[in-house]
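Below sits a lone chain in structure tokens, taken as the form predicted alone.
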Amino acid sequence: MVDEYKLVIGVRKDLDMGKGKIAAQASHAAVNCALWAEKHDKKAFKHWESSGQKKVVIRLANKDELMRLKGESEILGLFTSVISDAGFTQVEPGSVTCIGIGPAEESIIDQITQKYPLL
């Protein structure tokens, strides 16, 4: 049996972004991850795309936690996309707002993401 695939998006809560801003930033991460997988990891993209494109959004306390998660993801060989905002609305220019991870097999991605609360 093939493991389920999912994409995880980690959003910083210390920036106090509004719901719309969070949605936009999470969308940037999801699109970046999907486009990367479609080009560079066709197997993962195919499994993820054909099984409903599962996405899970988790809450990260701050930039340090986000960067730790990035490092842990890369150790496992997972693709990451760190999103920095242009700063036109709610956050300072260049603020790191969120991270996308995957898509990847749940059994792998859960090793580092399941400890975080859902957003």
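Quick note: we count residues from 1 along the sequence shown, nothing fancier. Keep in mind it's a predicted model, so treat the numbers as computed, not measured.
Although it is not shown, the form predicted in complex with a further copy of the same chain is what the next lines describe.
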{"property": "4.5 Å heavy atom contact, His28 to a further copy of the same chain in the predicted bound form", "result": "yes"}
{"property": "Touches a further copy of the same chain in the predicted bound form: His40 (any heavy atom, 4.5 Å)", "result": "no"}
{"property": "a further copy of the same chain contact in the predicted bound form: Gly52, any heavy atom under 4.5 Å", "result": "yes"}
{"property": "4.5 Å heavy atom contact, Ile22 and a further copy of the same chain in the predicted bound form", "result": "yes"}
{"property": "Triplet Tyr5, Met67 and Ile109 all within 4.5 Å of a further copy of the same chain in the predicted bound form via a heavy atom", "result": "no"}
{"property": "Position in contact with a further copy of the same chain when the complex is considered in the predicted bound form, options Leu60, Val91, Ala34, Ala44, heavy atoms within 4.5 Å", "result": "Ala34"}
